[in-house]
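Just the one chain here, laid out as C-alpha cells, in the form predicted alone.
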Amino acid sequence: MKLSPDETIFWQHGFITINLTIVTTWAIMLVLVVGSVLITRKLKTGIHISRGQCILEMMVTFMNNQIKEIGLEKPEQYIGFIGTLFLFIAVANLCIIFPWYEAPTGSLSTTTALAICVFMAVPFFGIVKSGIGGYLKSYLKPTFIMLPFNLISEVSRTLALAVRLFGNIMSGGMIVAILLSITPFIFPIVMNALGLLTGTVQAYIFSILATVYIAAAVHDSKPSDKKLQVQTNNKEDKNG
C-alpha cells in the first residue's frame, strides 16, 4: 500500500525527481488556469447575464462575504490569494471520483508548500497594510517578552496547517484502500462519496484558517483607534 503519491516516480536524475505529486499538482494548476480563462472570457456588465456568470458571481460574493465576516474590511484585496487556495485544494480533493487518481494533498510536500504560501502571505499583507515597522511591532505586543512566543507561533501554526490537511486526506485514502482489499466494492464507493464532502470541508477549513491568520496580522499591525484619533486631531489642528 502506498502512503503517498510521492512514492510513484516517473523520472529521476540525482536529486531531481518527477513523481506523481508533481505531475498531478501541475495538471491541476493548468486546469485551473485554462478554466479561469475560458469562464471569464465572456463576462458581461449588463443586466442580462448568462447562467454561468450568475453562478460565478454568487461564488465570488459568497467568498467576499466570508472573508469580510472574519474581519478583513476589503475582501477584494485578499480573495485572489484565498480563493486560489480554496479552489486548488477543493479541485485536488474532488478529483478522487476519477479511477486511479491520487490527490496531491495526500503528500506532505504539497501541504507543506501550501502552508508556506500562507506563512509568506501573512507578513506580506501585514506589511502592505501598515509598513514594515508597523508589522514588526506586532511581534512585541502586548510586551517585548512575547517576541519569542510570537515567532514560535508563526512556525507552529504553519506546521499545523500542513500536517492537518495531509493527515486528513491521507487517512481517507488509506481507509478506502483497506476497504477495497477486504470488502465488496459498495463500501469504497460510499467512502469515496464521503471523501468528496470531506475534501470540500478541508478546502474550506484551510482557506478560513489562512484568512484568520491574515486578518490577525493586518489588525495587529495597524495603529490603534486611540493613535488614529490623535493623528486626526493633529491634522485638524494644522489645517485649522
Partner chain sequence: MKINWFTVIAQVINFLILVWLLRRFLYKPVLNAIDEREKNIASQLKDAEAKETKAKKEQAEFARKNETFDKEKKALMDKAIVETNEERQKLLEAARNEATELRSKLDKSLKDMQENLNRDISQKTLQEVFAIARKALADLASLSLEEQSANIFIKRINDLKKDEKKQFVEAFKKGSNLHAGSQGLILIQSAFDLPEKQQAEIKSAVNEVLGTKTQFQFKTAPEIISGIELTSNGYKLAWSISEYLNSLQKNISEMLNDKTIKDETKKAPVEVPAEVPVTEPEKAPIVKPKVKFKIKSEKNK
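Just so you know, these numbers come straight off a predicted model, no measurement behind them. Residue numbers count along the first chain shown, from 1.
The same protein also has a form predicted together with the partner chain, omitted here; what follows describes it.
Taking the partner from elsewhere, residue 135 is found to have every heavy atom lying beyond 4.5 Å of the partner chain in the predicted complex. The partner chain in the predicted complex is not approached by residue 171, whose heavy atoms all lie more than 4.5 angstroms from it. Contact annotation: residue 205 falls outside 4.5 Å of the partner chain in the predicted complex, judged by heavy atom distances. Proximity of residue 81 to the partner chain in the predicted complex falls within the 4.5 Å heavy atom cutoff. Checked against the partner chain in the predicted complex, the candidates 70, 194, 49, 209 yield a single residue with a heavy atom inside 4.5 Å, and that residue is 49. Relative to the partner chain in the predicted complex, residues 16, 43 and 77 are all within 4.5 Å by at least one heavy atom. Contact with the partner chain, judged by heavy atoms within 4.5 Å in the predicted complex, is confined among 93-101, 126-134, 144-152, 107-115 to 107-115.
Residues of 17-36 placing a heavy atom within 4.5 Å of the partner chain in the predicted complex, in sequence order: 17, 19, 21, 22, 25, 26, 29, 32, 33, 36.
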